[in-house]
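Taking the form predicted alone, here's one chain by itself in structure tokens.
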Amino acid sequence: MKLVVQTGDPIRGTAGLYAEGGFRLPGDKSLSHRAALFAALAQGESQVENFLDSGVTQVLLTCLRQLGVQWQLYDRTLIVQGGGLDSFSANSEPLFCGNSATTMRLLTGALAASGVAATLDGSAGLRTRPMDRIVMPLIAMGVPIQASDQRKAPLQLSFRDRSKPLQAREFFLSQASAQVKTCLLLAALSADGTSVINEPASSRDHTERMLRSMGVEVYQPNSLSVVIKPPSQPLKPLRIKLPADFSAAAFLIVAALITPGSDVWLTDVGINSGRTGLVEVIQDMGGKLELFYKDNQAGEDIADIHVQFSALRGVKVQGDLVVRMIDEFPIFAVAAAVADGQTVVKDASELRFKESDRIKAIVQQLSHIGISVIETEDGFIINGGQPINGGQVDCDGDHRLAMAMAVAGINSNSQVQINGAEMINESFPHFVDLFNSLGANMAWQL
């Protein structure tokens, strides 16, 4: 489908998990993935409120059902009947992970711990994503796993005798990745001793916090290392309320910052320190953005966010900050396009291995709407402050890129048409309805 965006009114109002009479922010995607999978590994019934019901989480739930896990989803509350680490049932049909690398990498770690045989596959796009980052460490642990050319999906796990535990290891990852780290932490639940994972930079620690709440001894001796010991008791079930997804809120944050007259409150948003690099960058750009700490649920900090239209200036983004805003670069690029002066992004080569080559895709699509942007090997350079022109863009199968281009269209001289924008439903159902309720002018077309 095509999404057509035209200049609308200022973005004003409140959006959150519990907004009455309107459309809500989605529950946290990263936490939803983990909660569903970890609940399946627990012993007993788990209840997860504010669960994200979208394309990427539905493929995980379908895979869990194929593995014999019983679950029900009612009005954003997920109920999972967990049977423990060894409760998965082998299934001769491939586990289809859609376009979700998170599903494939996390589920592979859980399957490695369980010891059951399985084949994991996905869309054509997912088959291009690098999987050697999990395959090679898992092989070192003794997991019987094979990948296409040892690098990509489909992945094939053979049956493993659970009486022979996996080998505990110390890993030194070449790139910081919460998905890779989580895969190895899950496999380590069935290891013969303590495992250690070291990263070159701090990645989000949702997994460590959630496993800790389930009774697993997992701790961080420093900001770059995680230590985990296999549990001596079954994992405790989850009973949690998930916060709103910060990565989804980021689109409203930038829309309010760059649209004159805008004033938005975003409530009950998760502000895990591994996810909020964009907040620091926006504040460095002169953005009027404030966090009001509110609560802590299942180890995750929650806050309300107040954002107002601001005169932004260009900045440089590099180093460890890149990891802490890795999912926000498409929408950050739109903020940089409006900001006065030059913005430089470095050390972001990991963006080339997302749902699309996000460096190339960001550069191409911004260029289509009149933005001066230069591609570099590990990032991009944007010369901001120029008008955004209308035109046609393509989301390149990338949900975050499609939403970023929609926000750009709110401030364009003429309408922006986004081809293939149905990918937005992968992570942010009701994106269009929510934006329109706050003043935007977006419409779907066949």
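The first residue of the sequence shown is number 1, and the count goes up from there. In this text, all values refer to a predicted model and were calculated from it rather than measured experimentally.
The following text describes the form predicted in complex with shikimate-3-phosphate, which does not appear among the structures shown.
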Open item on the list: Just to confirm the contact call: exactly one of 309-317, 162-170, 217-225, 176-184 touches shikimate-3-phosphate in the predicted complex at a 4.5 Å heavy atom cutoff, so which is it?
Closed with: 176-184
- [ ] Consider the chain as shown here, without its partner, and state which of Lys288, Lys354, Lys241, Lys152 has a heavy atom within 4.5 Å of shikimate-3-phosphate in the predicted complex.
- [x] Lys354
- [ ] Only one of Ser87, Thr102, Gln297, Thr267 comes within 4.5 Å of shikimate-3-phosphate in the predicted complex by heavy atoms, so just point that one out.
- [x] Thr102
Task: Any non-hydrogen atom of Arg204 within 4.5 angstroms of shikimate-3-phosphate in the predicted complex - done: yes
Task: 4.5 Å heavy atom contact, Ser30 to shikimate-3-phosphate in the predicted complex - done: yes
- [ ] Answer yes if any heavy atom of Leu157 is within 4.5 Å of a heavy atom of shikimate-3-phosphate in the predicted complex; otherwise answer no.
- [x] no
Open item on the list: Against shikimate-3-phosphate in the predicted complex, would Ile326 count as a contact residue? Criterion: heavy atoms within 4.5 Å.
Closed with: yes
TODO: Give, in sequence order, every residue of 392-418 that has a heavy atom within 4.5 Å of shikimate-3-phosphate in the predicted complex, or say none if there are no such residues.
DONE: Arg400
